[in-house]
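Quick setup: one chain, the form predicted on its own, written in structure tokens, and binding and motion questions come after.
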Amino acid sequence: MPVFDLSVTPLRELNSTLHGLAAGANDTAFEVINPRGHHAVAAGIDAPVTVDIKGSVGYYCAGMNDGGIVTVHGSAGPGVAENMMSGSVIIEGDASQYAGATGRGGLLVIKGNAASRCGISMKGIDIVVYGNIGHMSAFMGQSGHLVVLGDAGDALGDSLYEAKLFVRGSVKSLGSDCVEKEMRPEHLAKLSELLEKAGVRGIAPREFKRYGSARKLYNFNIDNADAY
């Protein structure tokens, strides 16, 4: 397994290697040591590689990830997994603000807490947070799922479109046009799937409440629901 020590190796060399992998390359598993809060670590991955980062990172780690599996054995700064397309990003610690922003696909798992604006403008990404999330999370969420095992801060789901939000703990306040909704069997099934994928054990989907858009702030046509 190739090992990149960012205390002696430039970050550009790591990212260049990850971007330059040829189809069928033998080396698809990488370890990064001494990240020391570097920014944009493992950003722009577009291949099915695994990257284990042994420590905490700065902003925009694993941004635009498309197919990679990135694990941060520490905490992450702002914008982790921003605009992720596919694959998965796992944060063993906490995540700063706007984690998973504008994400279009893939799975982001945060095993600690997430700060404000988690999942802002999400467009298909699935986010599972073991702890709490801050204010304005899922603001203008268009599609995808946000699952929170802890509590949510103020203005959850403000100006929400069709993203689905599941919160096990308390919600300090709901944002404009976000309302609590019925938890139907299909939602319980989807939530169970997401919890399993995120490695959550011993917590039942029925312990959560579902929140979604009241559909009063935009022109909604049910015939186009699958497009959101």
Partner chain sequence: MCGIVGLFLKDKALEPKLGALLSSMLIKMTDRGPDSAGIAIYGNDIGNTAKITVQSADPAKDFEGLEHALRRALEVPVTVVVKYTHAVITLAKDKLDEGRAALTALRPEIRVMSSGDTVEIYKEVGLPKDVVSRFGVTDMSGTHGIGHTRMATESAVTTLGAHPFSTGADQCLVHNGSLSNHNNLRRELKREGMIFETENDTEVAAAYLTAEMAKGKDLGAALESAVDDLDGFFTFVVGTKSGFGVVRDPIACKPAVMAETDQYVAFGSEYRALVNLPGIENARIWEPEPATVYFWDHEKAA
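Residue numbers count along the first chain shown, from 1. Keep in mind it's a predicted model, so treat the numbers as computed, not measured.
This protein has a second form, the form predicted together with the partner chain, left out of what is shown; the following refers to that one.
- In the model of the complex, the partner chain lies within 4.5 Å of some heavy atom of Ser96.
- Interface residue remark: Tyr59 is counted as part of the site for the partner chain in the model of the complex, having a heavy atom within 4.5 Å.
- Residue contact check for Ser75: one or more of its heavy atoms lie within 4.5 Å of the partner chain in the model of the complex.
- The shortest heavy atom separation between Gly37 and the partner chain in the model of the complex is within 4.5 Å.
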